[in-house]
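Listed next as structure tokens: two forms of one protein chain, kept apart as structure 1 and structure 2.
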Structure 1
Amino acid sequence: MGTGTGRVTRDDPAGEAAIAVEGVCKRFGTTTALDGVSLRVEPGTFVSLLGPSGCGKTTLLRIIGGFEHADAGSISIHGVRVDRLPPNRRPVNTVFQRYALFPHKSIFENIAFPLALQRVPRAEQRARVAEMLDLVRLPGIEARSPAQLSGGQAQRVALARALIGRPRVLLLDEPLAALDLKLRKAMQLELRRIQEELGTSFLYVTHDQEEALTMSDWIVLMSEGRIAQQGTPAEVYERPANVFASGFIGEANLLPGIVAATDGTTARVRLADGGAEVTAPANGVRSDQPVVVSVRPERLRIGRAGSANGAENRIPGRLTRRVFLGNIRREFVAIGPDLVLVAQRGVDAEPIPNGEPVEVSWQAANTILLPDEGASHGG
């Protein structure tokens, strides 16, 4: 995985994680928020905790920060067990989603708060606050009050305040969720720049898969209190481990079917809807196993029936709808009574009128077979 370098690793014995979470479980009454979560954040890396609403991301972050206690499992930060330490004695800081600036204190007092607690001399406080404000590109706003800041500025101040104590690990809980799209994109780059500049390990919670893909060294994908998959952005995007990962990260056509034949390297799958056959790398499936075929929209080609392009999988269909998205076009092709594939084409591709018979094709290598977890109950 990522670049385990920088000042953070200097005094660490080799192989020690910045954060090590082992088998953490947490229940709230009858809801299980976390169900045996284990993960490692390597020193100096940017790790995203990604998952849909309610999957337990905030709960895990709060347990690491010390605001919630796990029912089972352990948390270590740079090799030190912190399970019994209160938040003020853990070597991590948190950036909260709603900024949580102190409304009755100036920006200077907000950022200098950790230093004031440690009775750092006033001159040093001033120098370090100025340094932090430079880092987050808001120099000279020390005298203002939090009420006078925009959302993006408040978020930068919260970041400066969390970083001034020079934590080795920073936890961020959807820090950009309240910002508009443009500001969010800008802040994504800023956050990554600051993380690389300081070499601090970031554990970043988000439910935005695009954000996770663009910012992270490592993605931990969660679903219903468990880890569905983890890996580099390229790994989780290109080799989703299950139907959930495939659907949550990026877009995917998910087609249920049954394995008709397999020789161990390639398999043929009969689609449940429409009965077309698809060839794909076997990925460990057995004959007659219910599976889900996953293909990314950008892997699909659309052409007039019979046009040769060397793709193993060809399914006839009818173009039903076209959506223009600026740089690309998204086209919907019906290939069965209830089955519609989504394909992506460049704006220059030859336009085909709606309702026209077409052929959807893609290469076997770009097809992923995933075990159909829902099949036994679904029918």
Structure 2
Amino acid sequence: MGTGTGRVTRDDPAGEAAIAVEGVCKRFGTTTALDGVSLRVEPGTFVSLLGPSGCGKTTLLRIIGGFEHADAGSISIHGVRVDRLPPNRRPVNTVFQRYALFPHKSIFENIAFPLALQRVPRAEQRARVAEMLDLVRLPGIEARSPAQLSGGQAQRVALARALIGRPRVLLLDEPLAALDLKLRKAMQLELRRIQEELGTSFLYVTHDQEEALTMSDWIVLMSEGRIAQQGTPAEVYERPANVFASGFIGEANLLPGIVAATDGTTARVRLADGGAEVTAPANGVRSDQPVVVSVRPERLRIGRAGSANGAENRIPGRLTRRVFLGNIRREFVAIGPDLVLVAQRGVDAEPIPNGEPVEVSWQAANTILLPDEGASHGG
């Protein structure tokens, strides 16, 4: 797999990747968990492994951490091959979804545990524990027990324990999954702040695309043991490489069709359901090629017939449903026998009653043509 270009990097004197994965394969019985995965994590960046359950992201993280062994391929951390090293000899630490704090030890003893194993002098332990608690914004709780902590506090203590040994790389396996929504969103920003302050490379596993978009310098989107796409959050959202990426990162209307004509710059596509035609950047397609038209709900406009205001793509339809979501409304418009477009409008937009005829419009530049790979076209 290619590693791509244009990611955020920070200077590394040796010019080495923080993590270099080359051709890693892993099977569990007859199931292929990883199929020739290669990726590069630059020093000092926050990289997310994103994908649905069973895509291989946690298996890859565990192989990097030394908790699983690859059947083929190599793992290097800051230029050093670590394939045959046990977890405790790799220059990484791992934070799991379950924090695994020692219930019989104080917060100080939990955080200082890695230093105690290294026989670091007690005075230095105290100074470094205090430093870590300041970093995670929990000063002065050294004497408490884990039972006295909230879920968010326990997560921060686990993070402090993982960071106190000053690892060059931190692996995180869905550490926020057990938190409620409001706390999880707050902790996303805290994790990013901590990563930026320390300059440590974070490799973060998540199935939550909003979480990945919020925190990451670079997203590695995985599907069925392979990398489907990787790039900056803006790249994978605005320029998805395939139907899977378009549907998994954010929301998208995915409309199968056939290229009716193209001049190499612009293409006209006839939609399979309803026969409407839309215009899009050609993106290398050829005439008569099956494609999938992808357009984000926020790019669509809904109005009375004739209100498209110069947009190249205009399709008549009928408003079938409205869903109120606080600051926006999600609106569903039937444009064919079995084809419904989903759009987003502000709550202050003119309300249109259900069942009314409308026109859906959008700019050609906001349309993406993707290869029709026989994948599901559900939005």
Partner chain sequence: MTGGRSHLVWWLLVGATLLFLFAPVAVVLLFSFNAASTTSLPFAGFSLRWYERAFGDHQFVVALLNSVKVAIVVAIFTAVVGTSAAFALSRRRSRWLDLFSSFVTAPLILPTLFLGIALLSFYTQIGLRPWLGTAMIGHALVTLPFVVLIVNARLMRLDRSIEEAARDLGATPFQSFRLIVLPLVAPALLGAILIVVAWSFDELVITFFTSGGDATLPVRIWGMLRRGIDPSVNAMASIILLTTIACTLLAGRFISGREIAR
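This structure is a prediction, so every number in the text was calculated from the model and none was measured. Only the largest set of C-alpha atoms that superpose within 1.5 Å between the two forms is called the rigid core. The first residue in the sequence of structure 1 is number 1, and each one after it adds one.
Assignment of forms: the chain in structure 1 is the form predicted in complex with its partner chain, the chain in structure 2 is not. With the core superposed, Ser106 shows a C-alpha displacement of at least 2 Å between structures 1 and 2.
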